[in-house]
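As structure tokens, one chain now follows by itself in the form predicted alone.
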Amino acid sequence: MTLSSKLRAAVIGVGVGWNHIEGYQTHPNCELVAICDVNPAILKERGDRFNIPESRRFTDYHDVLKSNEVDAISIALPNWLHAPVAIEAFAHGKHVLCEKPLAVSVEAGRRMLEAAHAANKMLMVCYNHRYRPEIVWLKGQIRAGDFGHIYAAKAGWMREGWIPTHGQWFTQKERAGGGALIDLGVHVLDLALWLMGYPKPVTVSGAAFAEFGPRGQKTKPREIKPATFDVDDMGFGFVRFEGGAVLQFESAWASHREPMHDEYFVRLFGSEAGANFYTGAPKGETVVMFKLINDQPSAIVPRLPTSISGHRIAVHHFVDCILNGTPTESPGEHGLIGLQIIEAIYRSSQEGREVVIGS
């Protein structure tokens, strides 16, 4: 495929996947050739909204994967479908952009990577929060060497009450892979790892809790209660990496705290500078960098552009990498590392001990 070619893309799962539709339609070197959803009502709404001809709307994803007119797909399906659909897509020679989490388990994630490598196709994880202006700015400062060695970090996404009930699979371990940690936590875990340079995890300690979900409390919408709840609604982890760096990590769907609280953060500690990214910061100062200037502690608040859709930027990156033949900055391997850490937190919680990654 050359730069003069247009990538032909499809989106499977157009509930959340509407963001991907927008991304493909706004890329000058891409053509959206198909959308697919098992729900005819959602398919019609999205198709009409984005002016997609009925001939390009499908309810069976197998028809999309078999098509010779599709080069790449986005998977925006429930978690348990990520691996089987991606593996089948690779068998049909498609590149894959997969919504987070990569899969419901490390084992399933490994099978996805093996299929991608065997097909010589790209597997990218859609970590859209990486493309916030604050994170892009921080990554630029880190790449410029301004932080020196980042030896510690803290990250979290904490909510007061927002246990999802969409289709109810979110609260089922077999279908979701986990609860708050794998739903919300995987985003901020990726941000911390991304800014730290994706160091290799060595050991993990953690604890997971389910205090509200089993009682049907703090659901969203409030009047709907999950039919099944066997996942976590809060979790904590502590990760040690090769080279000695550490990460403290937390995530919650529900907790007794400020009403309607919904904020996430990453805090970095480097040898030459530190930083705090916090979505609940006053005056819109969501990122601040700290360092010594003339031996005095100083705070640097950058002026940043207004954020645009991170999904759109992620989709554009996916398209550009395929057309240019360059590796993605968000490969499936990153998604696998996140799953390894989250699985280790669950295991540590169950066994009451530190877990060695890979043991």
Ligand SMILES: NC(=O)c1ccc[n+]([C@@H]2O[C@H](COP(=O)([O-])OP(=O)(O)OC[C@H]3O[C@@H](n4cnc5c(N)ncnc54)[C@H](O)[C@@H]3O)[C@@H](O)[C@H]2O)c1
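The first residue of the sequence shown is number 1, and the count goes up from there. Everything numeric here is computed off the predicted structure, so don't read it as measured data.
One more form of this protein should be noted, the form predicted together with the named molecule, which is absent from this view; the next part is about it.
Only one of K94, R267, H129, K218 gets a heavy atom within 4.5 Å of the named molecule in the predicted bound form. Which one? For this set of options, the contacting one is H129.
Could you check which residue among R110, K121, K100, R240 gets a heavy atom within 4.5 Å of the named molecule in the predicted bound form? It is K100.
Suppose contact means a heavy atom within 4.5 Å; in the predicted bound form, does that hold for all of G13, C36 and A76 with the named molecule? All of them do, each having a heavy atom within 4.5 Å of the partner.
I'd like to check something about L81: if you look in the predicted bound form, is any of its heavy atoms closer than or equal to 4.5 Å to a heavy atom of the named molecule? Taking the distances in the predicted bound form, the answer for L81 is yes, it comes within 4.5 Å of the named molecule.
Taking the shortest heavy atom distance, is Y61 within 4.5 Å of the named molecule in the predicted bound form? Y61: yes, in contact with the named molecule in the predicted bound form.
Is there a heavy atom of F229 lying 4.5 Å or less from a heavy atom of the named molecule in the predicted bound form? No.
Evaluate I308 for contact with the named molecule in the predicted bound form, applying a 4.5 angstroms cut-off between non-hydrogen atoms, and reply yes or no. I308: no contact with the named molecule in the predicted bound form.
Which of 298 to 306, 22 to 30, 39 to 47, 317 to 325 has heavy atoms within 4.5 Å of the named molecule in the predicted bound form? Heavy-atom contact with the partner occurs in 39 to 47.
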